[in-house]
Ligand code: 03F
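Okay, so here's just one chain, in structure tokens, the form predicted on its own.
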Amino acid sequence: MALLMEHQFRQLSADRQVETRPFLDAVSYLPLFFDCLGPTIFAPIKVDLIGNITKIKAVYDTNPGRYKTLQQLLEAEKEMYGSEWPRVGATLALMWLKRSLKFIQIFLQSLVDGEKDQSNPNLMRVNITKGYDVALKRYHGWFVQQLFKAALYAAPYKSDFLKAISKGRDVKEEECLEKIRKFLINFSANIDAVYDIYSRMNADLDYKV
């Protein structure tokens, strides 16, 4: 659990604005999360995550003052790109990034809620599948969905996953799950706020890859 708890997301302010720099700092550690799920099998999602973080950071670094919050960044790009927006720039990268983050959010929430395969409770297929179905499946074509199914059967056991995110330390399952619950408080608030921005600005695109 150290992997997540050492890089907590900030608590949102009353206006629910997501500050760009702290958000990017926090998400930059999440590619390591997919190493715990399976460094080879989940590599495509990890690579996608890293690529989108890099694109958003490159835009932010050009004018940190103008892009202080994610809302300001999207508003600036909407004005800048006109009819091409939102299919361009950091707006497009953040659209895909938030979906990967939603996968993590739903997967971890399912885990701490105790959802499991009753015939083999140490498997995480129920939790991973729920995360994928909610966050990513509708945006993936048949081929990518088949790759996910293959990855699902290569996922680690829950006990091994919890040990991996605890940086190899043996931890009691309930203690680890309680720390995940605490991590999810600010993490979920940030992800939900980003989704709200896209909803308000009508910036989401519904196409398959």
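A residue's number is simply how far along the shown sequence it sits, counting from 1. The shown structure was predicted, so the numbers you read here are calculated from the model rather than taken from an experiment.
Not pictured, yet referred to below: the form predicted in complex with the named molecule.
Though the partner is left out of this view, V59 does not reach within 4.5 Å of the named molecule in the predicted bound form, counting heavy atoms only. Taking the partner from the other structure, the named molecule in the predicted bound form has no heavy atom within 4.5 Å of any heavy atom of V171. Mapping the unseen interface onto this chain, L37 counts among the residues with a heavy atom inside 4.5 Å of the named molecule in the predicted bound form. Taking the partner from the other structure, the named molecule in the predicted bound form has a heavy atom within 4.5 Å of a heavy atom of S100. Not one of F9, Y67 and A76 is positioned with any heavy atom within 4.5 Å of the named molecule in the predicted bound form. Heavy atoms closer than or equal to 4.5 Å to the named molecule in the predicted bound form belong, across 131-145, to the residues Y132, L136, H140, V144, ordered by sequence position.
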